[in-house]
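Structure 1 and structure 2 below are the same protein chain in two forms, each given by itself as structure tokens.
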Structure 1
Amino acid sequence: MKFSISREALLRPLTLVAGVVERRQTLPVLSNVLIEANGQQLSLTGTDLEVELVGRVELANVDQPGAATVPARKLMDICKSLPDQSEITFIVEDGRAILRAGRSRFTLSTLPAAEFPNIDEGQGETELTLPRGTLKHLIDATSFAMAQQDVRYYLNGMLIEMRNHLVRTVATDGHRLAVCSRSADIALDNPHKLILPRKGVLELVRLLDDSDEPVTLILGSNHLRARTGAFTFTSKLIDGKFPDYERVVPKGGDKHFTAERSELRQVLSRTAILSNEKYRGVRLNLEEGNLRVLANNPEQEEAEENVAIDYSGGGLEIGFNVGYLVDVLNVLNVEQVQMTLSDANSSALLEEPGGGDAMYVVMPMRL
């Protein structure tokens, strides 16, 4: 294999691809990046066996096509420290990779490309296209609620549900639930559901931006693949069944109030300081036109805040983990927020006034 490329053109995909490669690897080949050159294209592949990222660059010409794997981090460090605008020549022969730029010369060890565990293109898989901004919004609106290392392994990820003209993401850790759906220009014969693992979600969102450029999703039985221009991202899925989240969304709540989102968030964050550090419980006292927020801790310290709300109806006292409420208020990107309650033992529903595309359910706490 032999090709030449400018430092900048190589560095951008290499940095992203090497980001997937974990530092501590049990298998030597996983700390390598797979470099393939053929035709007019150079592709770089990195994997940690859970997610895989392929970056592609157009090349002016490939002198000799081929494939090899070289240590990812070392290659990246070398490219980073070369002077700007250097022209890099990359040659692989006799199991060694030689990298030349100006008067520098580096020789790197390689491992056979055939042993690299990259994922083959599947066949007969469903393919659909979304604007990147839509997918990013769906993920950002829900990813905070994913569980972390829960024994209910199917909660350690995000449910992505696709049906005709609708995409929905759901995440829950058993205490709170986030659902976000958006209409999209897709046509599917059968609805598709898959659970993307936590790591896959966090890596995928790094590749997306707010633009209307398309991202192509390829739904396989074992993988989700996302293609954005120069990158192809692949993640394994969680092999399990996501709980029936629709049953969890409370219905028939009769106490609706709306409040200023940023004000409510600040009030809650302030009272949180004096809540029990372990349970983070705060007490909400709902009165006409006013919400009183109370917190106390084992040292008998107390916080009390009052915030004006738009509410008329009966009084209610209810406890919540303040962290869950603040998380929701952080991602809701609107002026006003609406909260629906029924009694002290039923979960609360948070959403945009009148119902936006996202819904958040938070379970109450007994205080």
Structure 2
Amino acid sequence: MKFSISREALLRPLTLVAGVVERRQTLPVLSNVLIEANGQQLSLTGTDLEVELVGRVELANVDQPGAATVPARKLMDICKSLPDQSEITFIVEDGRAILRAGRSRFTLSTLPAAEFPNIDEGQGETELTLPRGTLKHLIDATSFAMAQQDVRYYLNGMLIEMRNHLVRTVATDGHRLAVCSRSADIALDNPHKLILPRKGVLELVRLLDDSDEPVTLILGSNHLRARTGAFTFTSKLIDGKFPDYERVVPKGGDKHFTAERSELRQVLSRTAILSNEKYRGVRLNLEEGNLRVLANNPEQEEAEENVAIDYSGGGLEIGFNVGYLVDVLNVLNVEQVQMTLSDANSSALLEEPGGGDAMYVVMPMRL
């Protein structure tokens, strides 16, 4: 195999593809990226057996077609360290990959392309197209609430729900819930629900931007495939039943208040400095026209802040993990935030005043 390519043309797909490759691998070939040169196209593939990403680059010409796998991280580090606008010549011979750029020469070990695993994705049953910006917004609005390493494995991912003219993403770790819905120009005979694993969510969103350019989704029984321009992303799905999130959304809260989002976020962040480092609890005291935020810790240190709110009604004291509230205020992209409460033992509902496309539920804490 032999081809030439500019550093910039190689670096973007290589960086995204290498992101899928795990540093610690059981199979040596999984630390590698598969490079295939054919006709006038170069394709790069990385996988960890759960998620696979293929990036493609057009080449002016391929001197000698072929395929090989080379260490992903080393190849990426070499490309990053080369000067801008470098022209890279890539040759594979006698089980070695040789990179030449200007006066630099690197020799990398290779493994046969035949050893590289392929995710068997089965048949794709349904194909639909969304604007990239829509899918990115849905993921960005909810992904922070995914669980990380919960024994309830179906929480370590995101529920993507699709029905006629609607796409919804849902994430929860059992303490908080994030739901975001957007209307979309899709027609489906049956609603689809699938749970994309955490790593798949984080890798997919790296391929998306805020544009109206299309992303094509192919839904299979045990995999999701997404195509955006030069990239094809495939992820296995989590086989499990996602909790009935609609039951968790609190109904009938009678205490509604609105506050400036950025001011409330700053107040909570400052108060959090003196909260208990383990439990991160703060107390909210709801009064007419004012919200008092209190925190203390085992060292007898205390913080108190007051923030003006639009509220007239009965008083209430309720405790929360301050990190959960700040996370919601970080992703809500609005001037004002509305919070609905009922009593000290019921979850809070946070959303844009009057609704909006996202809603967030945070469970209270006993303090």
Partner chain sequence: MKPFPWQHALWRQIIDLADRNRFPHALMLSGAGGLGKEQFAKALTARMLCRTPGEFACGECRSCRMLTAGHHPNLLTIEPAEKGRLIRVDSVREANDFVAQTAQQGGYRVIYLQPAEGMTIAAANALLKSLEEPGSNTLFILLADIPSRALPTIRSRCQRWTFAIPDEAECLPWLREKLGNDEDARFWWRVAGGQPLLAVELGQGESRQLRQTLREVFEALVRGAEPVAEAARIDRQALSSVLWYGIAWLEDLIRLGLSGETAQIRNSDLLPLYRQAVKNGRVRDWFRLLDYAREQRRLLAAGSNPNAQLVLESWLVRWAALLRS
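Structure 1's sequence is the ruler for residue numbers, which start at 1. Keep in mind that this is a model prediction, so the values were computed, not measured. The term rigid core refers to the maximal set of C-alpha atoms that superpose within 1.5 Å between the two forms.
Between structures 1 and 2, only structure 2 derives from the form predicted on its own.
A movement of the C-alpha atom of A67 reaching 2 angstroms or beyond is seen between structures 1 and 2 when the two forms are aligned on their rigid core. Relative to the superposed core, R225 undergoes a Cα shift smaller than 2 Å between structures 1 and 2. Here R168 does not count as shifted, since its C-alpha moves by less than 2 Å between structures 1 and 2 after the core is aligned. The two forms line up on their rigid core, and P13 then has its Cα shifted by 2.3 Å between structures 1 and 2. Superposing the rigid core and comparing between structures 1 and 2 gives a CA shift of 8.6 Å at R103.
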